[in-house]
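Heads up, the chain below is alone and in the form predicted on its own; it's given as structure tokens.
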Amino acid sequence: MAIQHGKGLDVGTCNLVAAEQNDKGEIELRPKRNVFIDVPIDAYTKNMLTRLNVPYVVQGKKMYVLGDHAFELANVLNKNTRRPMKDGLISPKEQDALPVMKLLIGSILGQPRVPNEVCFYSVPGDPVDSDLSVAYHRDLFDAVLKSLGYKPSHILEGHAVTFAELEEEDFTGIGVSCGGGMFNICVAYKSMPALSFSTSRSGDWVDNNVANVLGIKPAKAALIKEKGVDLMKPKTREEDAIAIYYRNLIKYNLSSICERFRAAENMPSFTEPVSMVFTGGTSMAGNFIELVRAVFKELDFPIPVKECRMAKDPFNATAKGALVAAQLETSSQTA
């Protein structure tokens, strides 16, 4: 079977996911945690990391541990990981952000299979509750992908969700990507994005608030959250704090969506109720969608919604949607 060229890349605050189709027609997914720590560049540290089977990268005069290995090592050493991205965008306070992002992305995308292979990468919608600009972030990732040999194109994160999850509904409905730094929302009508935006409160907001009230580091709060929490039936003080802030997070974001929909002048008229599909790492806590449905019932939502549901593959949906867009672009170029 001929390989269908084009790659998708989910550029998330907490996680990166690359997607491509192999020669068997299967979608290959390569995730990587979007974190790193810097370690001393000396023989003792290199030997220690080798003994622990922890891979490292030497870049100039610096040495880094990347991805999941950095996350695990940081928890062992009780230190915070460093993050190339903050609030859904490249971090302005992290001086090593760009070289580290190139290393992380290169490690999961690999080499282009043809010259200038198309790669669609996710970008957030313009935030409605902050002054953050997406333009600088977008230009930086264009440059990173070009330096790796790809032809870059961007797709709004919420729009990518609708490509991945709403094919059976004629690509019409609402995609919500719940990432580490932002909630990204897109209303699509027959695959066209009618309204897209983001909010700046998401998984990191939960981690930081839980850390503050419990007196622990945000990385520790994230670890507790990821080990498995039932948001409807928390069992410990830590889980109770996580559930409280999740409810606040969901109410804030659904209320923001309501306000934005009511204020929009270009909303399509839906003849039938549509689905609202949730994806992303922050959506993967236990009973997340049950909590969403409970909060949704309390709101007077401005458009008809037939169901709130989880994506079939919530962690990888954005990358899969970006891959669909890349393949459509590649097909149109060769037609």
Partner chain sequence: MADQPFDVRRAIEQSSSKSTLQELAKKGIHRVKVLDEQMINKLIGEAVERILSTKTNLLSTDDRQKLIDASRKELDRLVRDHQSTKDQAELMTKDKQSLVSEVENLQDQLKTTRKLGDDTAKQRYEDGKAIMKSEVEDMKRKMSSMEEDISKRVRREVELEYQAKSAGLQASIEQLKGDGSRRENEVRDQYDRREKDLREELSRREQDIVARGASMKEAELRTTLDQMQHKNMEMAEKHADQLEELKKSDDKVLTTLSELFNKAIEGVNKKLGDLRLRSIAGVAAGGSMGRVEGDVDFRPSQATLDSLITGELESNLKGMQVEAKTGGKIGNALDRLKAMRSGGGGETKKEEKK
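We call the rigid core the largest set of C-alpha positions that still match within 1.5 Å between the two forms. Keep in mind the model is a prediction, meaning the values are calculated, not measured. Numbering follows the first chain given and starts at 1.
The same protein also exists as the form predicted in complex with its partner chain; that form is not shown, yet it is the one meant from here on.
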Among 72-80, 255-263, 232-240, 219-227, which stretch has residues with heavy atoms no more than 4.5 Å from its partner chain in the predicted bound form?
255-263
Residue (of 273, 286, 302, 55) lying close to its partner chain in the predicted bound form, criterion heavy atoms within 4.5 Å:
55
Which residue, 294, 267, 310, 49, is the contact with its partner chain in the predicted bound form, using a 4.5 Å heavy atom cutoff?
49
Counting heavy atoms only and using a 4.5 Å cut-off, do 14, 208 and 277 all touch its partner chain in the predicted bound form?
no
Quick one: does residue 244 come within 4.5 Å of its partner chain in the predicted bound form, counting heavy atoms only?
no
Taking 4.5 angstroms as the cut-off for heavy atoms, does residue 163 touch its partner chain in the predicted bound form?
yes
State yes or no: in the predicted bound form, is some non-hydrogen atom of residue 29 no more than 4.5 angstroms from a non-hydrogen atom of its partner chain?
yes
Even though its partner chain is not shown here, does residue 113 get within 4.5 Å of it in the predicted bound form, heavy atoms only?
no
Let me know which residues along 298-328 have a heavy atom within 4.5 Å of its partner chain in the predicted bound form, or say none if there are none.
316, 320, 323, 324, 327, 328
Classify residue 62 as shifted (yes) or not shifted (no) between the shown form and the other one, where shifted means its C-alpha moves by 2 Å or more with the rigid core superposed.
yes
At a change of 3 Å or more, would you call the C-alpha separation of residue 111 and residue 60 in the predicted bound form closer or farther than in the form supplied?
farther
Are residue 111 and residue 59 closer or farther apart at the Cα level in the predicted bound form than shown, by 3 Å or more?
farther
